[in-house]
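One chain comes next, on its own, written as structure tokens: the form predicted on its own.
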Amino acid sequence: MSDLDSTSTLRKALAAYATGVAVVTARAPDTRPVAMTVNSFTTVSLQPPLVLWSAHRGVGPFDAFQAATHYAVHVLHAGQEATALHFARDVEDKFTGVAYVDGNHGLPLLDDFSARFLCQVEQRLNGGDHLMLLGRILEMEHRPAEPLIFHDGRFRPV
């Protein structure tokens, strides 16, 4: 067995699991839009419709997501690597030069996605250096497309 105390070894082992890529958006308490790229998005339940994602405590918009009552998950499709990288940057205003519209609950909504889920936070669960946000899906839209896949530290084709 490998040493679980080695963060780099653990990270490499976890990178063996291929995931989809999503951008989660919300409104900060001061009403500015916030976003982050995640690969921790997952389905929890169909009845009721619940999803979950995890926010790293060390990123800039963490406090805004911790306080948010609603969020939107934008599942990215193949060809959106630039979008994923843009929202992964740790900068103050990720929406400069980005087209979006204000949706229900004031959520900033991106125009391009494979699937989009508008959610209300049901529970916040502490998970070490992350906060897990369990959300009830209130609205969704699906545009079938090839997924954007992340594996072993890189975007990959299907």
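From 1 onward, residues are counted along the sequence shown. Just so we're clear, the structure is a prediction, and the values are computed from it rather than from any experiment.
One more form of this protein should be noted, the form predicted together with a small molecule, which is absent from this view; the next part is about it.
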Notebook entry, point to check: Using a 4.5 Å cut on heavy atoms, which of 125, 91, 99, 46 is close to the small molecule in the predicted complex?
Noted result: 91
Checklist line | Residues 55, 60 and 130 all lining the small molecule in the predicted complex, heavy atom within 4.5 Å | finding: yes
Check: Only one of 99 to 107, 66 to 74, 32 to 40, 112 to 120 gets a heavy atom within 4.5 Å of the small molecule in the predicted complex; which is it?
Finding: 32 to 40
